[in-house]
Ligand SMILES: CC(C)(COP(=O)(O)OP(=O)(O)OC[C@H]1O[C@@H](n2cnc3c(N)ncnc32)[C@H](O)[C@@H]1OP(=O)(O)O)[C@@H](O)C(=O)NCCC(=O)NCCS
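Shown below, as structure tokens, is a lone chain in the form predicted on its own; questions about how it binds or moves come after it.
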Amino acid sequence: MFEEKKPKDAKCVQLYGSRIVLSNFQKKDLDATYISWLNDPEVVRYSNQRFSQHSLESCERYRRTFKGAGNHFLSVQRTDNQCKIGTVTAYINPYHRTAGLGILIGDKSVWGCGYGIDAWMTLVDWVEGVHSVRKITAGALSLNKPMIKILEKSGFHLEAVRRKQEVYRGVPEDIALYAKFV
């Protein structure tokens, strides 16, 4: 279960998991480390980010798309050493009461250590509790076994498969679409 601490700015989000904190991705978070994650072929190998070369300017444009949109772009930080390790996103549709979530753990040194599931569950719990959604969705290239594991471990169920939807290293691959009804 997440713990939300209310900062002075009501629009500021700060959520605590067991080992991570999620907070609004700020302009100060646009640093060489973050940009290097997006340009690292291994980090983005299952993401469509692999087709783009990212810069400070392109990342700032993306960050600005969240201003006033009702969606959330959050930094993932370890609580033990305050190091940033990734980002999460929540696209909220208030009309349909749905949310689409995403995660990127860019710091490869923490892969497989449980930070991803902690960040994911913290985000899911918060979206369920605060945004009055009825359904949360996420998708992953079927080859992305770590993400599939996170989805299944967090109570998401396979809703559909888009057969041979995307090309990965020259081979058409499936996209697995997952959902959790609240």
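The structure presented is a predicted model; accordingly, all values stated were derived computationally and were not measured. All residue numbers refer to positions in the sequence shown, first residue = 1.
Omitted from view is the form predicted together with the ligand, to which the following refers.
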Since only the chain is shown here, I'm wondering whether K149 would be in contact with the ligand in the model of the complex (any heavy atom pair within 4.5 Å). yes
Contact with the ligand in the model of the complex for G114, defined as at least one heavy atom pair within 4.5 Å: yes or no? yes
Under a 4.5 Å heavy atom criterion, is I105 part of the interface with the ligand in the model of the complex? yes
Even though the ligand is not shown here, does K135 get within 4.5 Å of it in the model of the complex, heavy atoms only? no
Which of 53-61, 136-144, 22-30, 66-74 lines the interface with the ligand in the model of the complex (heavy atom within 4.5 Å): 136-144
Decide if the three candidate residues A90, V130 and H157 all line the ligand in the model of the complex, where lining means a heavy atom within 4.5 Å. no
